[in-house]
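Just the one chain here, the form predicted alone, laid out as C-alpha cells.
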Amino acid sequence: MDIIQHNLTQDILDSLGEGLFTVDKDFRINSINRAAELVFGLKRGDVLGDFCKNIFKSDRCLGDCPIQRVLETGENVYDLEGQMRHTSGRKIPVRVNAAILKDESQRPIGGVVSFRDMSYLEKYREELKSASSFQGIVGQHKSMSEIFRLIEDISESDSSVLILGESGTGKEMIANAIQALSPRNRKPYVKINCSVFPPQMLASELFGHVKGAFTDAIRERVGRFDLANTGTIFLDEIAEMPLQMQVQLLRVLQEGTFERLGESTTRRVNVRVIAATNRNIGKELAAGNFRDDLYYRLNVIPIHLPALRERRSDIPHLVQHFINKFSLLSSKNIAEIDDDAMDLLCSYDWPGNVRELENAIEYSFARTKESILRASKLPPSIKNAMPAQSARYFEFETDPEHLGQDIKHLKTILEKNKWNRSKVAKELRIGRTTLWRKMKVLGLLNPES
C-alpha cells in the first residue's frame, strides 16, 4: 500500500506544470518532480539525498534561502525572485514559493519549494527595452529626458541616491537603470522593501543575526548588506524605516560598518545605497519620523519622478509599450487601440500612475477578442471617471525645442518610408492610430491623404 501511495504521490507531482522539490530538515532532497527535471536537465536518481544547494546552486543559497526563511519565521514565501543553475551552468531566472512540511504532530520535518521558469520573460524584456527610451523606461516628456540625462551624468559615481515620487511612478525602474549604468553593474544588486517587515525582522534582513539572537533565530542569517558587499543595495520605502534602524543605517553610510543582531563583531562593507520613498519627505522630517542627518546622507543625488498626470504626452507611448508587452506575453494579435479608448486614457488622472495604466491595459487585453483595444473594454473606473481638465495628448507646445526635434525626426522617417503609415508605425513600434494622431498634432499629415 505504501508503494502504491508513493507512486500515486509521485504521479501527482509529475502532473504539475511548475517545478517542485522537497527537502528534509538537513536540506537534503527527498523528492523532485518531472517539471524540475526538465527545466534543469536533471535525473531524479542523481539528486535524491544530495543537498539542494549542491544541485540548484541558487544565488539565494548563501544568505536568503527560502526554506530557511520559512523554517525561521513559520510564514510561507511567495514569488521570491532568484536564479538557479541548469546542469550546463546556465543561470535560469525563477520565481519561488516555499512552505514548511510538518508531520502528524505538526512538527517541522522539512520544506517544499515550487518554482516557475521565468526565462520566457527575457525575450519580451529585451524587445521592449530596445523599443523604449532609456534602459527599458518609456518617457519622452522633458521631465523624463532630464532624469535620463542625470542618470547618465552620475553613471561613474558611487554617491547615494534618493528617488522620490508617488506610488506607481517607476522608482524601482530608475534604481535599476542607475545600477545598470554604474561601475558596480556586475556586482551584487540587492533589493529590500522596508515597509513589509516588523522592526526586529527588518534588522535581521538588513544586517543579519547569529543563532539565538532572538526567539526564532534557530540558525545564523546573513543580512542584505553582507550580500550586497562591493555592489548596490536598493532600499525601497525608506521613509517607513523605524527611527532606531535609521541610526544603524546612518552608521553604515558614514563608516561602512555594522554588527549582526546578537553579535559584537564589527563588520565592514562597501555598498552603494539607492533609496526611494513615495512619502512626502519634507512632512516626515518635520514630524520627526525621519532623521535629518540620514536624509542629507541619502539625498546626495536626488531624483524626483513626476506623476503620470504631469507628463500626459507620454501616455500614448506608454499605452503602445504595454500593448506590445502583453502581445508578446499572450498569444493575442493586438497591435493598437481605438481613438475613443485613447481619449479616455489621456483624460484620466491616474492616481496609481504608470502601474495603474499598465493594469488597465492588461485588463483590456483579458477582455479583448479582436485585434484592437476598444473603449468598451477599459476598466469601469476609467470609463466612468470625469475627464481631467488639463488633459492633452501631446504637450509639445510647452517645449518648442523638443517640438522641433520631434517634427524633424518623424518627418525623416515618413519620407524614408514614402509616407506609408503602416511601415512608419511598424518602425516606430506604435499603432497606426497613434501615428495618425501624432502626425495630426505635429502638422505632418500628407496633403494627399
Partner chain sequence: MSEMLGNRYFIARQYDKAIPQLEAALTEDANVEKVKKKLVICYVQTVQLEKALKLFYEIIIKDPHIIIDTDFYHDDCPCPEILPSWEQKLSFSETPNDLYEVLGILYLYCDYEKSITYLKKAHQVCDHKSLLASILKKLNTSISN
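These numbers come from a predicted model, not from an experiment. For clarity, a rigid core is taken as the largest C-alpha set superposing within 1.5 Å between two forms. Residue numbers count along the first chain shown, from 1.
What comes next is about the form predicted in complex with the partner chain, which does not appear here.
Heavy atoms within 4.5 Å of the partner chain in the predicted bound form map, among the stretches 47 to 55, 420 to 428, 29 to 37, 407 to 415, onto 47 to 55 alone.
Three-residue candidate spot Pro351, Glu356 and Pro379; no residue lies within 4.5 angstroms of the partner chain in the predicted bound form by any non-hydrogen atom.
Residue Leu71 is the only one of Leu253, Leu80, Leu181, Leu71 with a heavy atom lying within 4.5 Å of the partner chain in the predicted bound form. Checking Gly208, Gly139, Gly111, Pro316 for any heavy atom within 4.5 Å of the partner chain in the predicted bound form turns up a single hit: Gly111. With a 4.5 Å cutoff on heavy atoms, Lys25 counts as touching the partner chain in the predicted bound form. Proximity of Lys283 to the partner chain in the predicted bound form: non-hydrogen atoms within 4.5 Å are absent; the residue sits far from the partner. Contact check for Arg107: a non-hydrogen atom falls within 4.5 Å of the partner chain in the predicted bound form. For the chain shown alone, Cys61 is a contact residue for the partner chain in the predicted bound form, at least one non-hydrogen atom being within 4.5 angstroms. For the stretch 157 to 177, the set of residues having any non-hydrogen atom within 4.5 angstroms of the partner chain in the predicted bound form is empty.
Relative to the superposed core, Ile100 shifts its CA atom by 2 Å or more between this form and the one not shown. For Gly165, a C-alpha deviation below 2 angstroms is recorded between this form and the one not shown after rigid-core alignment. The rigid-core alignment places the CA of Gly74 2 Å or more apart between this form and the one not shown.
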